[in-house]
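Quick heads-up: it's one chain on its own, the form predicted on its own, in structure tokens.
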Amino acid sequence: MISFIGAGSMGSAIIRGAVNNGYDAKQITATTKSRESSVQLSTELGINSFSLETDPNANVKAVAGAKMVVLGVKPYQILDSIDEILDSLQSGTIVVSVAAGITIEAMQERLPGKPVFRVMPNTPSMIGIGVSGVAAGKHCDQQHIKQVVDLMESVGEVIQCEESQIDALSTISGSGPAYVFYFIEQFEKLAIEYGFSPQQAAVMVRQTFLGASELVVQAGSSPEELRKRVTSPNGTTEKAIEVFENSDVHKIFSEATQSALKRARQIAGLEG
């Protein structure tokens, strides 16, 4: 049985992916804040859902008999949630955190001897095409890793990495969708400035990003090679690329991700 403590947007996305990929809904439990969301999860996906609004002991009840517990609460709630459910966990229960900032070591102190993981999914996981970083603690064996990887593959691709890489992964794939949304936002504004309606701008820009992303996945060529194919010598695209290059876009990207990485380490207490 798998139990989800905190089935918000990301937790419910993983649950939905698991059920859609053959996991037995009757072997999944979850807790939510409100009764309404609990009823919705149970009705939509057929899982056993408990509401903290109606039962303060919902988390404890949800983990009874669980072989894996996924902690989907806010980072500041992770350690308190572990303390709350600790006495109800079976020997050997896998504990997985999808929260940023809380280290495996901090969780392991409260879970001596248990297999502990940090997992960093991104928001496209909500539609089954996400990417998740998976870092295993010192008590995790290959069977534990397989179980967690199998679960996360139900919502997209999985990258196994060291915990020291999780924060860096978060700055690329975790925050990455927000960067893409920002670029889309800016291009749509430009299209409107050039006289297109908001509806036309949305179709033009979003389909361009979608098509280019799918092309780079399917073409079997590097992004650099595909870019060069579009960029005719002395053509219009080349002039635009020159502006990007002269503005040192690589440096801007580097500074942006370094800023995100610093903040992630501050949340973890690794930097001041």
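We number the residues from 1 along the sequence you see. Not measured: the values here are computed from a predicted model.
Beyond what is shown, the protein has a form predicted together with a small molecule; the following relates to that form.
- When contacts are judged by a 4.5 Å heavy atom cut-off, K67 does not count as touching the small molecule in the predicted bound form.
- Proximity of P75 to the small molecule in the predicted bound form falls within the 4.5 Å heavy atom cutoff.
- The small molecule is not drawn, but in the predicted bound form it has a heavy atom within 4.5 Å of S9.
- Residue contact check for P115: none of its heavy atoms lie within 4.5 Å of the small molecule in the predicted bound form.
- Only one of 239 to 247, 51 to 59, 215 to 223, 200 to 208 places residue heavy atoms within 4.5 angstroms of the small molecule in the predicted bound form, namely 51 to 59.
- For the marked spot (V63, T103 and G137), a heavy atom within 4.5 Å of the small molecule in the predicted bound form is absent from each of the three residues.
- Checked against the small molecule in the predicted bound form, the residues C161, I184, M126, A191 give one hit for a heavy atom within 4.5 Å, which is M126.
- Comment: the small molecule is not present in this chain, but in the predicted bound form one of V98, I94, V155, M107 has a heavy atom within 4.5 Å of it, namely V98.
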